[in-house]
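Just the one chain here, the form predicted on its own, laid out as structure tokens.
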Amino acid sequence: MHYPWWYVPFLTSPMLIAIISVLHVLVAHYAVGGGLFLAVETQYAYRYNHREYLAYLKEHAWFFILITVVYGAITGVGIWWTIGVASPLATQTLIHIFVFGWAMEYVFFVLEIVSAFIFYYFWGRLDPKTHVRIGWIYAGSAWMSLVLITGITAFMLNSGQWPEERTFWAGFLNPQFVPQVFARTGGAFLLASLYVYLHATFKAKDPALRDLIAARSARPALLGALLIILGGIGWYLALPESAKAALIAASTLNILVVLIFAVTIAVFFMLYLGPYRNPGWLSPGFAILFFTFGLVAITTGEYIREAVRKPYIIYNVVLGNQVYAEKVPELRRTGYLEGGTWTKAWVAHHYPQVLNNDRIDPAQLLALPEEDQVKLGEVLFLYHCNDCHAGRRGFSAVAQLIRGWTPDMVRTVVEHPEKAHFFMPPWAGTPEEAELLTKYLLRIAHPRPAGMYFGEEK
């Protein structure tokens, strides 16, 4: 409510956040699991003086740094940029609550970057023991980054005791924390092995070396698949009631939940029967299939995690329309346009006649010409609804959703969205503002499809 709105046509800004975040997560998991792979396997190769394996690991370390540090850093910055302009209130809230956590995460992140570059660029110039220690420093700091970020993102799904206690640890040690750490650690193990398989099938020319990599990488992948399943079960059990209801009510999400468990189980058995028991099975085609399955499982899990937060961005704290849950009663009294710094400034500039004692008079809004009322309704839509819905066309376009609705139907849903669909945020404005939004929605609504019969006389 205290920030200007960033309008992204067709796609909507939250969907842009989701796309960039998923692209980052697919690499962030590899940054954790791949770091552990390099630490463990470099130690193994030094112990048995396996020079061919050490040469491959150095080549893989270059690939690892290129993907995780370069690509990962770009998409990581992209996440901060997009959430800052698309969900500023939620971002502000998470920064204020978890200042200590973000500070720790930045320390571990710097440690990751420094140790990764030392590990690769000083390869062959450090004694084996020091080199392995640097690898473990990277692996440990990367996993700690995962733990810290997971605690913060898990808070968004279930804030636990924080609304009552308002302390860092009450928020960080939320009911979703442990299940999501399990699931994300498992995802890091599994996805890292799939990256290794993909790289090794094209770069490791010696069949014996390729079989060794396949067999050794199967173990953390199998463990990862089990952790994903255990973490997923814990994730469901720790969901708040609103999230469980949203999950059960959405048939698409039910299908996706089944899909993620089915794909993970399928990958587990493919890993066991393939690289673990029969390493010679690993081929470029098999590795690409593995990798595709892993991407499907991780991206599906991320989509479900985001989708079930409705009607909140941060459970019990920030609603999906960038309003503090505790502010809704006040906004219903004073007005949504009045409650926002930028919305009030816009109204004061374009329609100074609706101000009374420097406050927006709701009654005066309906005295404006019809076109101006529709324009104000569009402003209300962008701030109150565009977090989840596009307008005329695009992601979850409201013009399509209300196709053929009567004015009374639209008005009822505007005034009581949470009663029409419990996963929608409640209306946070005055009845007069609800009328303005209703007029805008009726203006953009598509007519019902031609040729459809709804019981009226032909």
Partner chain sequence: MDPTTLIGPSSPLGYPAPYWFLITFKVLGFTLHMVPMHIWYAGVLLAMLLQWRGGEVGRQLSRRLMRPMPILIALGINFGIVPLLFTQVAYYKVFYPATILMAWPWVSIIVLLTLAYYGVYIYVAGLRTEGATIARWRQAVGWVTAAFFLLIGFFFSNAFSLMTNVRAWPDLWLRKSIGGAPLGTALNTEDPTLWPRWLMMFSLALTTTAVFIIVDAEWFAPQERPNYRAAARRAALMISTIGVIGFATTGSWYVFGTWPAELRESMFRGPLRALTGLTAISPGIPWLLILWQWRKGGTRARAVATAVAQVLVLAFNAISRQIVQNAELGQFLDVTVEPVRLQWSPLILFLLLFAIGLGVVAWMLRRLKAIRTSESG
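Keep in mind it's a predicted model, so treat the numbers as computed, not measured. Residue numbers count along the first chain shown, from 1.
Keep in mind that the form predicted together with the partner chain is not shown, yet the notes after this line are about it.
- Contact with the partner chain, judged by heavy atoms within 4.5 Å in the predicted bound form, is confined among 180 to 188, 221 to 229, 243 to 251, 342 to 350 to 342 to 350.
- 107 is the sole member of 328, 256, 149, 107 with a non-hydrogen atom lying within 4.5 angstroms of the partner chain in the predicted bound form.
- Checking 261, 286, 102, 293 for any heavy atom within 4.5 Å of the partner chain in the predicted bound form turns up a single hit: 102.
- The closest heavy atom approach of residue 401 to the partner chain in the predicted bound form falls outside 4.5 Å.
- None of the heavy atoms of residue 409 is located within 4.5 Å of the partner chain in the predicted bound form.
- Contact between residue 61 and the partner chain in the predicted bound form is not found at the 4.5 Å heavy atom cutoff.
- The partner chain is not shown here, but in the predicted bound form it comes within 4.5 Å of a heavy atom of residue 16.
- Applying a 4.5 Å heavy atom cutoff to the partner chain in the predicted bound form picks out 67, 69, 70, 71, 74, 77, 78, 80, 81, 82, 84, 85, 88, 91, 92, 93, 95, 96, 97 from 67 to 98, in order along the sequence.
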